[in-house]
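This document opens with one chain alone, in structure tokens, the form predicted alone.
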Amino acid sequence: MADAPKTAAIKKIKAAGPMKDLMGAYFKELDEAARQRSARVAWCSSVGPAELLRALGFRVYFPENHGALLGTSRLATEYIPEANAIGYAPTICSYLTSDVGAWLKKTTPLTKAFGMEGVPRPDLLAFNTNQCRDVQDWFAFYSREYQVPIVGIETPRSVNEVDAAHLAGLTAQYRALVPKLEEVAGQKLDLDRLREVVASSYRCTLLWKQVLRAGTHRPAPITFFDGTIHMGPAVVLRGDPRAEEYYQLLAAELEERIKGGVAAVEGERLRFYWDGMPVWGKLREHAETFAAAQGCVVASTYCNSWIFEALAEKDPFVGMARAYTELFIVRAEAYKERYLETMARDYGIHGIIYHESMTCPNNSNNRYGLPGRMAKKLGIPYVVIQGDLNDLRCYSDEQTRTQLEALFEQLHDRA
């Protein structure tokens, strides 16, 4: 293996400070809305009908974001058994089980991070099954516990091309949500307001794409590990102009890095693609491991999942239906192969890491032979690491380190 230190310093992005302030303001508004009843609160799946909810005046909370917080704080493994004890299997989504477990124990990292008493009480729950069925069952738990309405979109799976039949059915589903949402919101949907919100989401998408495409430059000014943190506003504040403002700031900082030749990883020699979920409790360790090998994870499936260019459609209902069905996780294997081939070419990838997340089969793309087919097609080495998004009992530090070191050695020998 190349002579490199076992650890490496992580370069901080200056925009992290403003992002923390923005996320703090978002959670404070949620807390006040829930406690003071100043606005209705809707819980939404991360790629759900957030624009509809915002257009109707709801404050929108995303349990998947809370699941990621439980993962990064390494509290998830403590709470998962609580959900297992009431009948939720240890093999289902660990976002679900850690979140439900934390709720059962009446605790949340939001208290320490943002001073909140707890998660904001919902008035309504809205999901989209484009990611998996687990979100529907997850939200159904809270609908029963809080005795509040639940609505949702049922999206087809293994879609190659999104066609007129898909759009007709999905658009009808989005429109069918409106009466129930209006009932809970206590107001009628203003179509002009919906267009404004969707347009803001679209502008946010373009800026987020600009941020991620900065990784095509050599050296890359940003890593996948940075992206998992800075994607926060694109997830929880899309449709809110403050998210646009934040990504303008971040994009400008990355452009300055590019102009100055500032690398996210000092002495970048190797460029990697990460497919699948992050191991939230190991972000820093993984970032340091790659940096020590002068390797930069320049692109990922996960971070790119919040680029929704179809929101440009003239009809906002069609735009939402198309955008949230063109999501990578929904697509057929043939589409995924084409997508990965394009990404590998655009980003100059030397190696691919596939994360098999044990409780997230829908985001694990290694199970049906795809890595082998891509290696044959692209001539790019890969490893499959076993782990999980939240449950660190499924993850082995030693095994992962050995696998990554072998990949680094192979690629350094090629150089």
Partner chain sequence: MPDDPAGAIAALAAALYCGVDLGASATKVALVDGAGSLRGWSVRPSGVDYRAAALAGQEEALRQAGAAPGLLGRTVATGYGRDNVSFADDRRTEIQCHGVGVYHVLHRALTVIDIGGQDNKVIRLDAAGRRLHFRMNRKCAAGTGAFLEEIALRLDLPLGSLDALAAGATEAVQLSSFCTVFAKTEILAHLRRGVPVGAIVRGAFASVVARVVEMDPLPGEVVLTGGVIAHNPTVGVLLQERLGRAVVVPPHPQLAGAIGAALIARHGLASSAQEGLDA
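Numbering follows the first chain given and starts at 1. Remember, it's a predicted structure, so these values are computed and weren't measured experimentally.
As for the form predicted in complex with the partner chain, it is not shown, yet the points below apply to it.
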Residue contact check: residue 21 to the partner chain in the predicted bound form, 4.5 Å heavy atom:
no
The partner chain contact in the predicted bound form: residue 382, any heavy atom under 4.5 Å
yes
Would you classify residue 39 as touching the partner chain in the predicted bound form, given a 4.5 Å non-hydrogen atom cut-off?
no
Going by a heavy atom distance of 4.5 Å, is residue 11 a contact of the partner chain in the predicted bound form?
no
Among 386-394, 49-57, 30-38, 64-72, which stretch sits within 4.5 Å of the partner chain in the predicted bound form, heavy atoms only?
386-394
